[in-house]
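A single chain comes next, written as structure tokens; it is the form predicted on its own.
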């Protein structure tokens, strides 16, 4: 008889700990129920629905202008291309685990022929000394806040200010990969506009902490965004209509952007539960946003068995997957959203008591 997988059991669980819920058709249906069916859609990047949202986002980010893109991959490659063209130098720098480096099939290099310098050790964030120590000129430096692949770590705000000042002094453009910008505002105790002021261009996502369907904003000065519109057309990003993405982004932005403090505090509480368990730790130990990584001193297959058993016994799902780090260690990522507050605290504590017992036994 076939054993149920961890993912199957997780999906069937009464309570799921991370995220906002299933990514099903209800994500869009919920938005559409309150819409005026007579409202006109956008058309090839123009129209009230897209233009109003772009203005709303530019004001929120404190930037002169903003453009809606169907994907962050497209937006960020275009941003770096613009800065390289402006300086006449096709070379940029970013973290070794940057999204452009490990998740985009070398799109920046193959499509735009841009050379990349990898800054800092992959286990930590980029610091000022890394930037000062560059031995080649670059057109643009990309900083990802938070650095997702290492558990969502962040540099200090003073470091950000120092890097920004150094880049402006040296004529280096500074681009923000702010896919999770909203989620870091509680930690820095800054507004989005205050953080974005340090950067020449900014990308934000609407399907991560916000929980929309898809879509991104690229923001900066008007000359920059007007050039990005040209590149957006070249990349095939001007679909005849993007309104399902836009209206869902707007709807869930309004619903969740002011809940990031709640998610952040809940993430710290959840991480503390994990860190009380034998051979379990989080990265960072104390989260700096609503996301963190959970690390186990146990093999992937062993953790799948343990987590499946816990979910079946309690009806609470901690995760639907586990990744292999080494033959003896494993991990997974957690992002706290709307679902966490729905889990009864007593039942949640029981889950971690079980996890601790099983980790001691195995």
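Since the model is a prediction, treat every value here as computed from it, not as a measurement. Positions refer to the first chain, counted from 1.
Below: the form predicted in complex with a further copy of the same chain, not depicted.
Non-hydrogen atom within 4.5 Å of a further copy of the same chain in the model of the complex for each of 276, 350 and 358 = No, because 276, 350 and 358 lack any heavy atom that approaches a further copy of the same chain to within 4.5 Å in the model of the complex.
In the model of the complex, the one of 127, 197, 104, 115 near a further copy of the same chain [non-hydrogen atom within 4.5 angstroms] = Exactly one listed residue reaches within 4.5 Å, namely 104.
Go through 89, 213, 283, 257 and name the one with a heavy atom inside 4.5 Å of a further copy of the same chain in the model of the complex.
-> Selected residue: 213.
Mark residue 110 yes when one of its heavy atoms lies within 4.5 Å of a heavy atom of a further copy of the same chain in the model of the complex, and no otherwise.
-> Residue 110 belongs to the contact set for a further copy of the same chain.
Could you tell me if residue 321 has a non-hydrogen atom within 4.5 Å of a further copy of the same chain in the model of the complex?
-> Heavy-atom contact with a further copy of the same chain at 4.5 Å: absent for residue 321.
Quick one: is residue 241 in contact with a further copy of the same chain in the model of the complex, heavy atoms, 4.5 Å cut-off?
-> Judged by the heavy-atom cut-off of 4.5 Å, residue 241 is in contact with a further copy of the same chain in the model of the complex.
Given that the partner is absent here, does residue 40 sit within 4.5 Å of a further copy of the same chain in the model of the complex, heavy atoms only?
-> Yes, residue 40 is a contact residue.
Could you tell me which stretch in 29-37, 333-341, 305-313, 56-64 has residues with non-hydrogen atoms within 4.5 Å of a further copy of the same chain in the model of the complex?
-> That would be 29-37.
Would you mind checking 64-99 for residues with a heavy atom within 4.5 Å of a further copy of the same chain in the model of the complex?
-> Heavy-atom contacts to a further copy of the same chain in the model of the complex: 70, 71, 73, 74, 77, 81.
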